[in-house]
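Shown below, as structure tokens, is a lone chain in the form predicted alone; questions about how it binds or moves come after it.
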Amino acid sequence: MIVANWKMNGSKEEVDSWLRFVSANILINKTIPCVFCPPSCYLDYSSSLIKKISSPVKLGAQNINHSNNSALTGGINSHMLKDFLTDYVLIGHSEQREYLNEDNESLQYKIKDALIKNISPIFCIGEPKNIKDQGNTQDYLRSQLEILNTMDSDQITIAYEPIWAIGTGENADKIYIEEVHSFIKEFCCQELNFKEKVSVVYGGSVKLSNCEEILSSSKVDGLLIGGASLDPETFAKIYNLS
């Protein structure tokens, strides 16, 4: 899975240009979904365009609110996402955790709500620099992963994004990524009793110059790309290297 997370960027014109270029220039592999996560205000337009041009790109949302009947100004629920033909949704991104004070309980509700509507969660986890420096990465990630217990593992993708690497230009080295991804896979299978092999993608300052090395690891099942995904040519090249 190769995911473009546009965060709070873009315009209708840029969405149109990006989808048309990427759709025409990726060598689609049915076993490697290509997922586009625009800001929520562009979900409807993106969905319509994907259908219009018969694009192989799958639509993803950047957020979901778990209470379908809540009077939450600015909220977007699973019913709305399904109406846009959304296939995936990012849940638990470190920026959402920090700025919206998302805790494990609310994230668990979000994941369950997405699963009910057959929307596949991309569950983001990652540690801050002080935790890494203290050697407590696994304990920190364990506390984040535990909310997945008893959930349907078939539809859940884990996105490992070390917080200290997001937007900093400093990505984790291959050895560190492999160690963490191995831990995540083993924990999910042994402690959470995931029925199937868990898919773990990497995010954190992914760019064209480092993606090939990261993807060369058998422990890495794809990429979650932020800033580098804004350029359609760069994103298409990264996808084609996967």
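One rule holds for the numbers: they count along the sequence shown, beginning at 1. Note that the coordinates shown come from a computational prediction; the quantities given were computed from them, not determined experimentally.
Heads up, the form predicted together with 1,3-dihydroxyacetonephosphate (13P) isn't pictured, but that's what we're talking about next.
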| property | result |
| --- | --- |
| Interface membership of Gly222, 1,3-dihydroxyacetonephosphate (13P) in the predicted bound form, 4.5 Å heavy atom rule | no |
| Gly227 within 4.5 Å of 1,3-dihydroxyacetonephosphate (13P) in the predicted bound form, heavy atoms | yes |
| Gly204 within 4.5 Å of 1,3-dihydroxyacetonephosphate (13P) in the predicted bound form, heavy atoms | yes |
| Exercise: Ile76 in contact with 1,3-dihydroxyacetonephosphate (13P) in the predicted bound form, heavy atom 4.5 Å | no |
| Candidate site Ile2, Asp87 and Thr157: all three near 1,3-dihydroxyacetonephosphate (13P) in the predicted bound form by heavy atom within 4.5 Å | no |
| In the predicted bound form, the residue from Ile131, Leu115, Ile166, Leu145 that sits within 4.5 Å of 1,3-dihydroxyacetonephosphate (13P) by heavy atoms | Ile166 |
| Residue stretch of 22-30, 49-57, 178-186, 204-212 approaching 1,3-dihydroxyacetonephosphate (13P) in the predicted bound form, non-hydrogen atom distance within 4.5 Å | 204-212 |
| Stretch 94-127 - residues with a heavy atom within 4.5 Å of 1,3-dihydroxyacetonephosphate (13P) in the predicted bound form | Glu95 |
